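Single chain ahead, by itself, as structure tokens, in the form predicted on its own.
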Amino acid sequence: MRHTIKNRLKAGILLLGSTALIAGFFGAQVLANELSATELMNKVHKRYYYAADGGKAHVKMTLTDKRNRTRVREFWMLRTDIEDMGDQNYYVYFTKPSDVRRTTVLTLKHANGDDDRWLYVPSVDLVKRIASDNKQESFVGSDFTYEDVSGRLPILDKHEYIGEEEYNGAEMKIVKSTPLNPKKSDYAYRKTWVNPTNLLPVKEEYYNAKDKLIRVFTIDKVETIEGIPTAVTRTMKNTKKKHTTTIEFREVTFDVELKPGDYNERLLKNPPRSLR
């Protein structure tokens, strides 16, 4: 029995990462164009990860390998903000495939420290607290890392403009961001193509210390939902593994359903009936 529980926990841990895929249903507002690179990235982060005061979305994640074989996972995600550019709370309720259905992750995101995460494994009716200090690990086996989906605070990087370029018919500002502490990042630097009108990071390229491109992120579809330009389809490509992850957000709403105090073990084990 202990062996079975241990194996199920290991499988459940692979489903962790409740912080903001989250990012996919975060929007942006129209702001001024004349900003320093650091100011721009701060505003992008705030508008992209903290749109409204929270929200809900049904998420479809498709993983495609180099042989074009696919795997699909689906889950509901709920978010409630505690403070702009500060703490947030998240639930992730898995609905498909059947072997992970009703598996739930509760995350209390701390902007100035490690997140607190709990995993509920319904097959053994067990709640397990999970260590969450490594944000460079793969998010649920995808090409996104925990840091990709939860957001990296701009204060951790040095930002500089390196040019402008037309992308998808609009003029984008390109910002190079270099980690101040390379040991706490899985890349040497990244380039971000920012739409200065809606503040969406429409493209990002990640490079290693040898200036080799290792991953490419793109926003593939944008919709205005409840007045907020929202990235509803996003893709991350691992150029070395030739593996791709596409995330689609459906039934998006920025209506905040839950209060901070609702993020507890009760709803971790018994999600609202409409999300099961």
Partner chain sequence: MRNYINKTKTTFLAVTVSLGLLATSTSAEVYIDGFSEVTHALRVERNVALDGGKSFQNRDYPRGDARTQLRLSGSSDREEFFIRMDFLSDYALKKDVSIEIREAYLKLYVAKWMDVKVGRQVATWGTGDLVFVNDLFAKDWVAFFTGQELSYLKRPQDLARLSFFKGGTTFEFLVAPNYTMDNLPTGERLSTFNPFLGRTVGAIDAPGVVEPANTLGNAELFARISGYRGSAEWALYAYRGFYGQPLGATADTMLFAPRMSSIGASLRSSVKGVLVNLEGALYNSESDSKGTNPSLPNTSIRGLFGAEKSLGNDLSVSGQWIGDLITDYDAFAAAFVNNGGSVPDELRHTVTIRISKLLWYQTLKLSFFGFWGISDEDYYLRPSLEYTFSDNLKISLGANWIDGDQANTMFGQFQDNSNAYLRMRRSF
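Positions refer to the first chain, counted from 1. The structure presented is a predicted model; accordingly, all values stated were derived computationally and were not measured.
Note that the form predicted together with its partner chain isn't included here; everything after this is about it.
Interface residue remark: Ser142 is counted as part of the site for its partner chain in the model of the complex, having a heavy atom within 4.5 Å. Looking at Lys158, you'd find every heavy atom of it more than 4.5 angstroms from its partner chain in the model of the complex. The closest heavy atom approach of Asp116 to its partner chain in the model of the complex falls within 4.5 Å. Taking non-hydrogen atoms only, Val124 approaches its partner chain to within 4.5 angstroms in the model of the complex. Listed residues Ile162, Val72, Ala170, Leu180 were compared with its partner chain in the model of the complex; Val72 is the one with a heavy atom within 4.5 Å.
The contact with its partner chain in the model of the complex, taken as any heavy atom within 4.5 Å, belongs to Arg102 out of Lys203, Arg102, Arg152, Lys176. Screening 91-99, 78-86, 162-170, 194-202 for residues having heavy atoms within 4.5 Å of its partner chain in the model of the complex returns a single hit, 91-99. In the model of the complex, the residues of 233-272 lying within 4.5 Å of its partner chain by at least one heavy atom are, in order, Asn238, Lys241, His243, Asn264, Glu265, Arg266, Lys269, Asn270.
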